[in-house]
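In the block that follows, a single chain appears as structure tokens, in the form predicted alone.
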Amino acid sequence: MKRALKFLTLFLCLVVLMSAAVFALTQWRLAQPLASAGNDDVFEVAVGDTARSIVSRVNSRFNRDFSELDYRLSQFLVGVDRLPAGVYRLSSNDSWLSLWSRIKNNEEALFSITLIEGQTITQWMTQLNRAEYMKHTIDGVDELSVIMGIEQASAEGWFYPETYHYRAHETDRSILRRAHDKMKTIVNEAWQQRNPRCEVDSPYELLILASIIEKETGLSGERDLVSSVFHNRLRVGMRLQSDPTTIYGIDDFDGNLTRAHLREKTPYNTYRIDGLPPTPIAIPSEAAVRAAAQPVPSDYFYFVANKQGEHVFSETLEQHQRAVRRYQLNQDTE
């Protein structure tokens, strides 16, 4: 009897030790990286996915041989009791266990898109249409005013440029709604804080002028002066004569602005029309909006780009013509 009991005890000990070894070995295997170093990836759990289907896809994606028993052990170790749908990011250090941990905590991957100031809404829509894991619900630019509740026929300019983060299958409409709401706030705040030298008559005109300033200079130290030039011109009834506005009104512009373009009367050719163009010509930055609302005092009516990418400002036409000859026509007048 004692011998049988001793044998049973020894047998049970062996079973426990073997089980512990198998458990430890399996746990070690489940903790190994799924992907090769440098091969970051994403893994999507769809609505209705089962443990079996996920195991099959993981095996196929990463050339592994996990079984449903491995999933059950993972479920026990991590505590996964449901499969929330979503897209989860995997790095080269992630394992089968860390994947399940991320799914359990619903730590979905965040994607980002950077919408840049100075571009047009058409360019933005092209970028949104190419964004990964974004749901596309807007057919074209023409319907944006209605979708966003914009009073003007053109949605140009009414969106705030920055980097937007989103989860998989968020809509382009949601991104643009966030951008539009923020731009409305920026414009309204700038309008309330405008100074007495501001010559525009409405928040929308402020947005139009800001878009012109944005296209004329990307230098933070110049925006206020460029703004003062345009406000000075508006104050005395002088045409803005801005190349970017003229270019915006040219269909299929090829990059070469000609004298013929400057002579052609279009709604955006500020060499031929008085005042502002009818709509913004690009997406302005917040700094450009602030500059449009708060021009600095100056007697400047002209500016021209120099050879360093900056601008030379002039008070008189004679000074401006000398600057043009020096920096645009490569004729040193000194």
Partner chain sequence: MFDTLYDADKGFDRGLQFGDGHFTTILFKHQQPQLWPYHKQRLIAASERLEIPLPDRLLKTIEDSLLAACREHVTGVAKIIITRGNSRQGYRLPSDCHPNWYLTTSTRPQLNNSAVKVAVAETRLGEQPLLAGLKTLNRLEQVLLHKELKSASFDDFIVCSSNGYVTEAIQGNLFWYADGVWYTPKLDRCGVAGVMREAIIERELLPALNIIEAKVADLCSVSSMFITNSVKGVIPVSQIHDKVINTQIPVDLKAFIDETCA
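Numbering follows the first chain given and starts at 1. Worth saying up front: this structure is predicted, and the values here are computed from it rather than measured.
Below: the form predicted in complex with the partner chain, not depicted.
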| property | result |
| --- | --- |
| The single option of 150, 234, 128, 190 touching the partner chain in the model of the complex, heavy atom within 4.5 Å | 150 |
| Option touching the partner chain, based on a heavy atom within 4.5 Å in the model of the complex, out of 119, 105, 220, 137 | 137 |
| The partner chain in the model of the complex: contacting segment from 168-176, 95-103, 250-258, 223-231, heavy atom within 4.5 Å | 168-176 |
| Exercise: residue 91 in contact with the partner chain in the model of the complex, heavy atom 4.5 Å | no |
| Distance check, residue 195 to the partner chain in the model of the complex, heavy atom within 4.5 Å | no |
| Residue 184, heavy atom within 4.5 angstroms of the partner chain in the model of the complex | yes |
| 4.5 Å heavy atom contact, residue 201 to the partner chain in the model of the complex | no |
